[in-house]
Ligand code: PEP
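One chain is shown next in structure tokens, namely the form predicted on its own.
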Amino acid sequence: MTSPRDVHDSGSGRHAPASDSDADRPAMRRLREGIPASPGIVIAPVRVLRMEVPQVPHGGVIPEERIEAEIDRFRKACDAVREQIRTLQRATREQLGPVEAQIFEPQLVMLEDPELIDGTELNIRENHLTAERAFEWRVLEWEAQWSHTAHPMVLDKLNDLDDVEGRVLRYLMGVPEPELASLVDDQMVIVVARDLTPSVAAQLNPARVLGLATDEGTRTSHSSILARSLHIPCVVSIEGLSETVRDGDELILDGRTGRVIIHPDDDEKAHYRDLDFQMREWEQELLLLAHLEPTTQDGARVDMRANIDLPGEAQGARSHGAQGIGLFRTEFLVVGRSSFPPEEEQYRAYRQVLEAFPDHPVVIRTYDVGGDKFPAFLHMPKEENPFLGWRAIRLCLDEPEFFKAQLRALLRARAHGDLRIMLPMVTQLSEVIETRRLIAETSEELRLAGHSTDPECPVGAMIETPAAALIASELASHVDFFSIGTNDLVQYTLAVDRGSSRLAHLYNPFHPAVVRLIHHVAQVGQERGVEVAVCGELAAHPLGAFLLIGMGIPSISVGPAALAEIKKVIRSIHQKKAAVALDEILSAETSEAVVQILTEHLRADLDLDRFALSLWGAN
């Protein structure tokens, strides 16, 4: 192995590199837990990446006669950086696809934002600052406005701002843009960083970067999305890791469980190599299950559908055995854009997915914007807690022009398959009634314009809050199906931000309150003849799937990668035995008790080796 060396930008900025002194290193905890963001196991040396914002020289005051020239210099820098980002965006589009390339749109929007650009020019005019000092001041002001929140999309905005700031300052100061390839050299490494900006993440080379671990980030952050697209194992939100490890330190990274081990011993390395080998064999076995029926040992059928974020994922979901789409998230059409997406673009995206599943349902969620997703063209209000604010169906009903464009595209696309409309974050019966009124109105407008539409298009409500769960009986009279979004249901029931690493230990889908709410909705569905599906991450957990099947839930929807594994669970168990466990589970007092009961019943119902049980969380 080559001698380790520090890797950092030529100008150190607000984040100082780790000290070279052993005495200055934080106390080492060898086993660290983070958020799994991209699956896979890798054992490799670390390369700590420090892509810091250049430090602007002190002073920076200019005479009045230089003001216009300095403003012109700043504008040229912004133009140059816009072109740099567009070049990187084109390369990303060619390598990974159009949606991954869209990650760079927020940066391009920032470079045209009057608050940032005009504010910088005002600093130059009024304070006689150099362009770099004026821009740095304005960025600091923006950061101060956003830094009080830990919401994932706000963190992505801060990361985008870091990227833009670094590029503009490097241009103004004559510092060349660093290339990731030169920083990693020709070694095969696990890159460790505080976080990765989009422009760095897009340069990751899977032949050299075997894994990625970051101090910050979430599963939906830009670096996570790009890591999954590149099939690079990734763990995020490992607090302080980049300040703990050094170049050359050996690391085990498990992107499936979110675990890293620093300085592993020989036994640990042997165990994880064996685990990696077994997982690869396991995955091959699971592929053989893709097109078998999802039926339990005692003949209960469970519809297996897929959750997707992009139209291009539909074919992959079908090849993994999906029997339709249970959740098609449509936010990719709006996030990072400066204007409404054209109706025709929306229609083509929906049609593409429907044509991949001509004989199965495709459930399309209307825009769940707000919260952690901020389309620039909506001019979102500043809110102390945007997850409890103007978002999802509330926002759509308040913006009928925006909402009806999506409804028109959805109703037109229904001509190509079994399209079903799903409304996010429903908490009021009136939200469903008003949406149905808009659908009828939109359908009539389309009919008059010569389009063939179906005014009886099925409409469902996502059950993501305790309020929606508790009024399920009332909602059942006005919807055609329920889909339980367990990710938000856990968050809102337990008052735990699911993006917070500090509170991660409290975010538990097996909490008795969550389990009882899901069971209540399942009972309402059975009594009222309304289909109940589950599309949250609980359905992708083998213990969760066992629980849901015991409740008699007829349809579950998971990410394409989890389809075969959950199908194996379904085909391995007895629905009646899972139902027997339910009374005991509903009387459990703690999350730990729920998991223990599920584990014991799952183990009793299965004849699997220890490896399979450990993968299924039943060990």
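Numbering starts at 1 and runs along the sequence shown. No experiment lies behind these values; they were computed from the predicted model shown.
Beyond what is shown, the protein has a form predicted in complex with the ligand; the following relates to that form.
- Although the ligand is omitted here, in the predicted complex all of R365, M462 and D488 have a heavy atom within 4.5 Å of it.
- Note on contacts: among R329, R125, K76, R516, the single residue with a heavy atom within 4.5 Å of the ligand in the predicted complex is R329.
- A single residue from the set I252, V302, C535, V353 has any heavy atom within 4.5 angstroms of the ligand in the predicted complex; that residue is C535.
- The stretch from 227-235, 398-406, 134-142, 321-329 that comes within 4.5 Å of the ligand in the predicted complex, counting heavy atoms only, is 321-329.
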